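First, one chain by itself: the form predicted alone, in structure tokens.
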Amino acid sequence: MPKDFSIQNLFRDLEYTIFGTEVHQFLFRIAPLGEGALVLEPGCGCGKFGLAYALRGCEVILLDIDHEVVNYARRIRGALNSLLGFPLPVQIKVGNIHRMHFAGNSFDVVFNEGVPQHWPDEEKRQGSIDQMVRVSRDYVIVIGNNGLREEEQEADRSFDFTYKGMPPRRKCFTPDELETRLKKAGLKKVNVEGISPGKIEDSILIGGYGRKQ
């Protein structure tokens, strides 16, 4: 369902960006980048993760296929710029994860949360990850809902997504599938973890990652 672009959500997403979440902690542990690193978040949504990297001094490009979502992310960037008193090094663009017009090996880290799982179609499911690996020169991180959980399996069957450019149904990755697809895309030292505390099969979110080097 489309995001409610309310003032309440704007303040909430600003809070997430500044103070972080479990996902932020996971990203910064796997890819602890700082001043001058180049970061790409395709399928950025509100941009709260990529913008958090910008607060650490990284140069960030946020990409989303939905114009309304991109405009919302720009509002959050504008609010952060006003709070800081200077512009963050962040570009926010409309773009398609399957047709990213960046040269290969352009970014130090390419990541997203909840994007490749939106395509049950085999070609697009793998293709989104392949594109992320193509434009990265080091880290690639894919975060999504845990397909081992019955709740997520039911959601896969019942959700009706209306985001622009995405099919109405999703298919969450199991940890094994996510690991397999990251390896198939050419990453080395691939690992998949549960992001919430506890056993991986109980974690609501899983994160898979690897490096090209």
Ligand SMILES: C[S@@+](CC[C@H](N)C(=O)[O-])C[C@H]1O[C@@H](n2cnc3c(N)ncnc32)[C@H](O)[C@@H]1O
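Here the structure is a predicted model, which is why all the values come from computation and not from measurement. Don't overthink the numbering: it's just position in the shown sequence, from 1.
Separately, the form predicted together with the named molecule exists; it is not shown, and the next lines address it.
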{"item": "The named molecule: the contacting residue among 29, 184, 164, 169 in the model of the complex [heavy atom, 4.5 Å]", "value": "164"}
{"item": "Contact residue in the model of the complex, chosen from 52, 39, 69, 178 - any heavy atom within 4.5 Å of the named molecule", "value": "69"}
{"item": "Location of the named molecule contact in the model of the complex, chosen stretch of 184-192, 148-156, 42-50, 29-37 [non-hydrogen atom, 4.5 Å]", "value": "42-50"}
{"item": "Contact test in the model of the complex: residue 90 vs the named molecule, heavy atoms, 4.5 Å", "value": "no"}
{"item": "Residue 135: touches the named molecule in the model of the complex, heavy atom cutoff 4.5 angstroms", "value": "no"}
{"item": "Close approach of residue 119 to the named molecule in the model of the complex, 4.5 Å, heavy atom", "value": "yes"}
{"item": "Residue 127, heavy atom within 4.5 angstroms of the named molecule in the model of the complex", "value": "no"}
{"item": "Contact set, 82-105 vs the named molecule in the model of the complex - heavy atom within 4.5 angstroms", "value": "95, 96, 97, 98"}
